[in-house]
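Take a look at this single chain, the form predicted on its own, given in C-alpha cells.
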C-alpha cells in the first residue's frame, strides 16, 4: 500500500509554529523518503511543535522509525513531538524501540493540547 503524507503548518495562539504531518498507508523503505521530505519542510519552516497524526498509518518498518529518529534530531531538542492516535501495531513498535519515551503520546486528536 502506498503512503499518503500531508503537511499543514499553523501558528498557535501563543505564536508557536506547528507542523502537522498526517500519514496514512504503509511507511516502509520505499515510502520513508516522502515522509522525510515533509519533516524537513516542517523544520525549515521553523516549527517548534511537530504533530504526527498516525491514525491512518497501517504499518511502519524500520525505515519509518529511522525517519522518526531523524525528525527528533532535525527538529532539535527544544521541539515537542506529538504522536497522535497510532494504531496498535505502530504503537507497539514505538514502545518496543523506546521512541515513545521522547514524545508526547495522544490517544486521540486533541488540538487543544498542541495548539495552545
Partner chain sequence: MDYGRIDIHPTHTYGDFKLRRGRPSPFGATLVPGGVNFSIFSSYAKSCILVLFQKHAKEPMAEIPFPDEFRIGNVFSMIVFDLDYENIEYGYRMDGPFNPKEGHWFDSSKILMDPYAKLIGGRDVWGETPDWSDIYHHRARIALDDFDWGDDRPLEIPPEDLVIYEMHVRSFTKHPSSQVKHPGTFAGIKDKIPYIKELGVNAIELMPVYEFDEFENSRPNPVRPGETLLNYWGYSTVGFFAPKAGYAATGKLGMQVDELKTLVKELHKNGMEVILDVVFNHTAEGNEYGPYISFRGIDNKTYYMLTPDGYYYNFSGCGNTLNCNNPIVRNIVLDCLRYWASEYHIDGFRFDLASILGRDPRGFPLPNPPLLETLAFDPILAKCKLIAEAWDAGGLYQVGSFPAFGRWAEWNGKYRDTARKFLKGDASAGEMAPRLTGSPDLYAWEGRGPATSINFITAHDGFTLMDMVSYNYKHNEANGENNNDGSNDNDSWNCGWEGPTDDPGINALRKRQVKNAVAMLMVSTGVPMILMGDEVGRTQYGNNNTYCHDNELNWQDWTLLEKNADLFRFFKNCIAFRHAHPVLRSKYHFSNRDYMGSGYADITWHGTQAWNADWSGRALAFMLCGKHAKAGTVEDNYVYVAMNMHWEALWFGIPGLPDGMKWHVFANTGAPTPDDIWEPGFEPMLENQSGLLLGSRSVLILVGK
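Positions refer to the first chain, counted from 1. None of these values were measured; they are calculated from a predicted model.
Separately, the form predicted in complex with its partner chain exists; it is not shown, and the next lines address it.
Contact annotation: residue 73 falls within 4.5 Å of its partner chain in the predicted bound form, judged by heavy atom distances. The shortest heavy atom separation between residue 22 and its partner chain in the predicted bound form exceeds 4.5 Å. Its partner chain in the predicted bound form comes within 4.5 Å of no heavy atom belonging to residue 48.
Put simply, residue 66 is close to its partner chain in the predicted bound form: some heavy atom of it is within 4.5 Å. Annotation for 74-110: interface residues with its partner chain in the predicted bound form are 88, 92, 93, 95, 96, 97, 98, 101 [heavy atom within 4.5 Å].
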